[in-house]
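In the block that follows, a single chain appears as structure tokens, in the form predicted on its own.
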Amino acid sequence: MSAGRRILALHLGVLAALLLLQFALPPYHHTNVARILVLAGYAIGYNVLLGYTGLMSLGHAMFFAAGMYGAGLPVYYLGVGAPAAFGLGLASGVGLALAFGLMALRTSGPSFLIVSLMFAQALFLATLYFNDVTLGDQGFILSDKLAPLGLGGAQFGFHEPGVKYNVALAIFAACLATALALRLSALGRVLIGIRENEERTRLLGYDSFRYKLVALGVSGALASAAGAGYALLFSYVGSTFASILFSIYPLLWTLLGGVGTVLGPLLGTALMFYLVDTVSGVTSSYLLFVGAALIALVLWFPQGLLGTVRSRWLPWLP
């Protein structure tokens, strides 16, 4: 079997397994896996920027929050339906990513890291400052404001576990397909060239600024889609999701699963989510265990779990 067919079969098999998994999960894990799928879409968006383009950001929460507030505020105040709200959230994130990129991509390395953090903190503080609208840390609930999703004459409420899971899976599948298509495309190869040696890529005639802006736009789109989906599926929007902690999470998930691998963000998100969920039920010092897991990762899996698998056994793995 050719490498292309292996790649397609692997990713379709993962999606099929996730589709069937919902029928075997107990209620608690059913909701958890739906949450993981949405957050994995967010991590995939982050991986487009870090793994493919080599730009490390500490401000990606601003795109997730832009999608969340872009979808949540119209529902809460205007009664907008879910499809339109999702579109508004996606547009908010893409617009912010492009505007941010036009200013921030004139920097690189540690400077880009600091600028991304500054912009994200500005958005976080704005969600607190405009407390009368955003309700700040308290946030707001959408469950009483969000109309059911109409499909073929039938009505599907987002509170229904099956609806929640399958919409989360659809968002994840769209993020995964976008990342895989990008990774295997000529555009993806240019981005990897920029990651490996930007000066040489420029000498070959490629406008690295334009390509990085495209990568940031795609990354922002995936992150904001995850943010909008999270707001609609879990009916809550709050300033916490714009904080620096939510910029660090996708970095950790991507490092754990494997930077630059398509499926790595899903694996890293799932493992970190259940590690925190399990340990926090035993002790409030769960971050010690997170730190221990990261130390073990650096020692034995320096390229992340799937990154190490790819380098040692499966070189065709994207």
Partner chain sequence: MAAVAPLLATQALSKHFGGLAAVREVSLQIQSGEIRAIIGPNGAGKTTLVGMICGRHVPSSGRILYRGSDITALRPWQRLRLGIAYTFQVTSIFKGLSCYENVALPAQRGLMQGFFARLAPGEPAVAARVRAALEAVGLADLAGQRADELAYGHQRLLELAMALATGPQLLILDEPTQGLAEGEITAFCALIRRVAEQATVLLIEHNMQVVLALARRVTVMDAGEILAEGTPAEIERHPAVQKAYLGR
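These figures come from a predicted structure and were not determined experimentally. Positions refer to the first chain, counted from 1.
Below, we turn to the form predicted together with the partner chain, even though it does not appear here.
Looking at heavy atoms inside 4.5 Å, which stretch does the partner chain contact in the predicted bound form, given the options 73-81, 148-156, 104-112, 189-197?
That would be 189-197.
Evaluate Ser185 for contact with the partner chain in the predicted bound form, applying a 4.5 angstroms cut-off between non-hydrogen atoms, and reply yes or no.
Yes, Ser185 is a contact residue.
Contact between Phe119 and the partner chain in the predicted bound form at 4.5 Å, heavy atoms?
No.
Within 4.5 Å, heavy atoms only: does Phe234 come near the partner chain in the predicted bound form?
Because no heavy atom of Phe234 falls inside 4.5 Å of the partner chain in the predicted bound form, the answer is no.
Using the partner position in the predicted bound form, report whether Tyr206 sits within 4.5 Å of the partner chain, counting heavy atoms only.
Judged by the heavy-atom cut-off of 4.5 Å, Tyr206 is in contact with the partner chain in the predicted bound form.
Ser239, Thr201, Asn166, Thr178 - the one with a heavy atom within 4.5 Å of the partner chain in the predicted bound form:
By the 4.5 Å criterion, the partner-contacting residue is Thr201.
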